[in-house]
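A lone chain, given as structure tokens: the form predicted on its own.
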């Protein structure tokens, strides 16, 4: 029986590789866009005008305070009722980008706020405008604080991308559900699913640990 299951699972490897590629695409695109969004929102939150900051607080609190499953359901099932129709792939990218941006925003804003105010005051004394202060003084110092948790957040968001399977996208998780219907050995099938996710996330975990060690060494 086990040899039969293994042979069936081996036959499904191309299917799993397609699911792996789908997970790569969704996660990669969403993390790039989410990083851009998160940095823009985080910088605006750390130093923007008050009305804008309040609006950004609402965005961040709503995205962080509701499950991603609910958010993707709203994007894919509710927005079409308001005339905004998105196919499964762009709906996944859009929802995961907004979700990622909210968490990355908090990391960026925290990194900026950790920079000593004296650095900003010194930059102002030299005549630098706000953009120049942010670009040349604040962000280079803030990145030391931002990078370790940012990479760690990438790992969490890649794992959260498994939820896109609920709207029909054939990522690794959905491939696992479809495969287990043919191979009634859940530990074997989802063990492979776990290994594939681990193969994506573990290099990022190592990178995050490296950043943390380097930051501690510099701090010491």
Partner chain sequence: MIRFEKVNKWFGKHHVLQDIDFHVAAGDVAVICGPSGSGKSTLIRCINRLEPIQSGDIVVDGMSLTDKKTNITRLRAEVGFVFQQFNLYPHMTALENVTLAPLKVRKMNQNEADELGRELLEKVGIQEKASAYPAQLSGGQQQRVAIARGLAMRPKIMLFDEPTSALDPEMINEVLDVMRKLAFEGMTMAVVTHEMGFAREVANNMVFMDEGKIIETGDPERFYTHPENERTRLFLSKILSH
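Not measured: the values here are computed from a predicted model. Positions refer to the first chain, counted from 1.
Omitted from view is the form predicted together with the partner chain, to which the following refers.
Student: Verify the contact flag for residue 140: yes if a non-hydrogen atom of it lies within 4.5 Å of a non-hydrogen atom of the partner chain in the model of the complex, no if not.
Tutor: Output for residue 140 is yes: heavy atoms within 4.5 Å of the partner chain.
Student: Consider residue 81 of the chain shown here, and say whether it contacts the partner chain in the model of the complex, taking contact as heavy atoms within 4.5 Å.
Tutor: No, no contact at 4.5 Å.
Student: Examine residue 87 and determine whether its closest non-hydrogen atom to the partner chain in the model of the complex is within 4.5 angstroms.
Tutor: Taking the distances in the model of the complex, the answer for residue 87 is no, it never comes within 4.5 Å of the partner chain.
Student: Using heavy atoms and a 4.5 Å limit, would one call residue 123 a contact residue for the partner chain in the model of the complex?
Tutor: Result yes; residue 123 sits at the interface with the partner chain in the model of the complex.
Student: Please identify, from 105-113, 87-95, 131-139, 70-78, the stretch that has a heavy atom within 4.5 Å of the partner chain in the model of the complex.
Tutor: One stretch meets the cut-off, namely 131-139.
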